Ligand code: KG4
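One chain follows as structure tokens, the form predicted alone.
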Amino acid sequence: MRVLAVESSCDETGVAVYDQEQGLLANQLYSQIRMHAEYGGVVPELASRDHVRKAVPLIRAALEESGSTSRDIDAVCYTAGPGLVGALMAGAVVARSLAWAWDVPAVPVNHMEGHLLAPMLEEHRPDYPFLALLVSGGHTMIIRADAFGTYHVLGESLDDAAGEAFDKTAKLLGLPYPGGPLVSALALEGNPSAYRFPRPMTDRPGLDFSFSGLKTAVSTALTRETGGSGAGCPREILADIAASFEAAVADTLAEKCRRALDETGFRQLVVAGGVSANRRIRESLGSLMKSRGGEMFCPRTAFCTDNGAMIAYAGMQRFLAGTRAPAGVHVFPRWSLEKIAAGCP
């Protein structure tokens, strides 16, 4: 069996081909970062239009890279949600049209399930059941994965996700878009103990997250140091603030994961999503698992951010499980992992 997958949930167009026996055969990706940088963030209308422009050329490239023709494709998978509605529609229309033209099934995929299963693309992969931390620009969640398709959200962000906190902190520090990776790079130059920022919601029971107050603490520190924004602030101070902020996020994630591991008794932790590429977060969670005699599983950096490969893998599993898209083109800007069993909300 072989599937082609289209990812278009936000600002990256991804197309991949996955074979049940041979694994990942092609992975094409186009990032819109340069276009959105001019505006300091993602512009949904521009993102949607760019997906329309890039999807077909990437599909051709993926077919060529994998040595496939339309006759080799048994199903077309696509991200049906969650994400930006216009961006989702752009990819869904292309994928459903291909499936109709090639007379093969169309398979809707939950974007977060794609992230959750991204480590399965690696040679060293977890076994069910396992605990998962999904940490990205729009989501921070702790998931109990009992089996494929059987997921329970144990904790999630109540306001800003960790990735949002990184991006907002970057703006406060005067860093350009996309700010998250730049905050991490700047943090390498700083002292993570220079500022004692709060570890949000670690002083109360539970597994939920809240990072809006951490962003406010950064703003307060900047005001105290400079009287305003990061513009004109000495680089040493900015680096110390970035490092201290990053340490606070890493400590918070580690504490919540520790509690979830105690609660479930699991010894395997999957860490996935765009923010999972952060070095300090990986080191902190890796140390946690080592101290408990457990294992941590992370996808390679290229599979942390949005990509077609993770949608292709998840799509293959959905296809084999019998998931098929209903008639018409339907996308779901909000789609809980806990409501995934039927294939759509």
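What you see is a predicted model; the values in this text were computed from it and never measured. Start at 1 with the first residue shown and count on from there.
Not on display, but discussed next: the form predicted in complex with the named molecule.
Proximity to the named molecule in the model of the complex, defined as a heavy atom within 4.5 Å, singles out one entry of Gly155, Gly137, Pro200, Pro126, which is Gly137. Interface residue among Met316, Leu285, Ala277, Leu58 relative to the named molecule in the model of the complex, by the heavy atom within 4.5 Å criterion: Ala277.
Heavy atoms of Pro192 never reach within 4.5 Å of the named molecule in the model of the complex, leaving it off the interface.
For the chain shown alone, Thr305 is a contact residue for the named molecule in the model of the complex, at least one non-hydrogen atom being within 4.5 angstroms. When contacts are judged by a 4.5 Å heavy atom cut-off, Phe209 does not count as touching the named molecule in the model of the complex.
Contact check for Asp160: no non-hydrogen atom falls within 4.5 Å of the named molecule in the model of the complex. Only one segment in the set 61-69, 305-313, 288-296, 48-56 has residues whose heavy atoms sit within 4.5 Å of the named molecule in the model of the complex; it is 305-313.
For the three marked residues, Glu164, Ser184 and Gly273, a heavy atom of each sits within 4.5 Å of the named molecule in the model of the complex. If you take 186-210 and check each residue for a heavy atom within 4.5 Å of the named molecule in the model of the complex, you get nothing at all.
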